[in-house]
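The chain that follows stands alone, in the form predicted on its own, written as structure tokens.
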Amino acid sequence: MTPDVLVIGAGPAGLAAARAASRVGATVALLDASDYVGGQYWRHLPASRAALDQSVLHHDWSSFLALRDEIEGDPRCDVVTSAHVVAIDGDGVHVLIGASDGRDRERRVYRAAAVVLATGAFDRALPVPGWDLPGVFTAGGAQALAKGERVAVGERVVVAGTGPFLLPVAASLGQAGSRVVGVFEASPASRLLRHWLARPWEFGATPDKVGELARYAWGQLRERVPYHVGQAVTAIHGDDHVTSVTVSTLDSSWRPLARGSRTIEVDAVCLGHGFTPRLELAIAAGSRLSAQRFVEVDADQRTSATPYFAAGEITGIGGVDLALAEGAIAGHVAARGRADDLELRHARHARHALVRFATRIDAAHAIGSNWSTWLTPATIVCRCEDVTFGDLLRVSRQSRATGLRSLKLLSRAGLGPCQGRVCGRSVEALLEVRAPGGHLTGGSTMDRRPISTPVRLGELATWTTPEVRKP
């Protein structure tokens, strides 16, 4: 199939974009690295061992089924799973089809009239003393195991970090069989109240989001899961596995107070401090980023790089409903529809309200400036390369380097297998406050990865020009 529109990512934004483009009459290729469509939000068990009632495990499961069935049943849509986008350059979008760790993967190059980037985000976890122990998970990773594999990460679990995402994570863990002994939100009550309760009439424009939060809050009460604000897991203890955590009361900048620390016995910890957008492909395409490091788009979801559009979490963290609205607009316009067409009226209105809702959440749950006071010199900050906080301080002090590239090469932080996906934003933040003027020079960031996914040397050695798939 030779697509008019290429959609990269089959989460909510990508599915909505593919459906909207096909409804306009365009041919569509939808690529995703997973074995199944749905993304991280609708991560589910395979059909061979599906849950008896998937709707219990997933919010708005019926919407996913409708999206999936329409797209997979549409002859204009070519859904390609296990599709790993390696790079974007002047020759097109380079893709390897097959298992991520497999051999003899099929190589394709797509050149479509328009490309919708819907690559989503991965969850961020701030480094904490002991976070390299077995039994520590990112919040999203723990939820993926619970929803996608029905695996309970532990018997006694704490969920800690910031943001509303902590609530569905706790719910998923409980459904998988874990006992969640507490959810710890680091933002103080004063900040939460100031931003959540400001302009309450605006909540009328987002009744679904308010209802979703209310359901999760009721689930917390029903299961008697304690919810604490202004508190964080500031240390994790154990020898060869997690045995306990230190929970500290924080001030408004997230600095632990001398009073209020206590130890809780657990065997697993889930950390979630927001999300980091997956920007490699957008950067490779030449898209301009905002000061907050999201892809800038116009009212049509068009990026600064022709012919690329962007939708979902790479334009701002806003949740599934905003991703669906942005995806619908991006796919429709990418297929040469008009943003003011009647079909997009609901999506445009929803996007406007949900962007304001997302801005409120971001302000209420912003990471505090003094989280690094949790760290000790021996705290691992880059787990791939075993780089400690003390190593970063020493390299910064002794080298007097001010560029991220130089500091990465000298410290090895961000140079391991994950290429800074786990530690990158935290390493940058730790180095920036010690750089002259409070910022690094050179314009480089951890998001800039010309090769966006692991590739075997053998695959590169046989990298010949294949058949180009174009409209």
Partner chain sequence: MKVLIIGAGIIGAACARTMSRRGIDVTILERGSAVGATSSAGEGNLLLSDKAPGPELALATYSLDLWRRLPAALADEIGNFTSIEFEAKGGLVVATSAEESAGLAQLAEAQRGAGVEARLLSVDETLELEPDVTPSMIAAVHYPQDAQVQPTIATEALLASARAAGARVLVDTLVTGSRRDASGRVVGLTTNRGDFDADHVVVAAGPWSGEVATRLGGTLDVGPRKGWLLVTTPMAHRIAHKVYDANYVGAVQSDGGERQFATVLESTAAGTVLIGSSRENVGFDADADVAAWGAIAARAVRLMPALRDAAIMRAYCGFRPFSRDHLPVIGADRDVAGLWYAAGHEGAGIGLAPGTAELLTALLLGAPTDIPAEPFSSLRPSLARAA
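Residue numbers count along the first chain shown, from 1. These numbers come from a predicted model, not from an experiment. Take the two forms, find the largest set of C-alpha atoms that superpose within 1.5 Å, and that set is the rigid core.
The same protein has a further form, the form predicted in complex with the partner chain, not shown here; the description that follows concerns it.
The three residues Arg255, Arg302 and Val433 each lack any heavy atom within 4.5 Å of the partner chain in the predicted bound form.
Heavy atoms within 4.5 Å of the partner chain in the predicted bound form are found in one stretch of 348-356, 302-310, 227-235, 82-90, which is 82-90. Looking at Glu296, you'd find every heavy atom of it more than 4.5 angstroms from the partner chain in the predicted bound form.
Although the partner is absent from this view, Val455 contacts the partner chain in the predicted bound form, with a non-hydrogen atom inside 4.5 angstroms. In the predicted bound form, the partner chain sits beyond 4.5 Å of every heavy atom of Leu65. Contact check for His94: a non-hydrogen atom falls within 4.5 Å of the partner chain in the predicted bound form. Listed residues Arg103, Arg336, Arg262, Arg194 were compared with the partner chain in the predicted bound form; Arg103 is the one with a heavy atom within 4.5 Å. Along 365-401, these residues reach a heavy atom to within 4.5 Å of the partner chain in the predicted bound form: Glu385, Arg394, Val395, Gln398, Ser399, Arg400, Ala401. If you fit the rigid core between the shown form and the other one, you'll see the Cα of Pro436 move by 2 angstroms or more.
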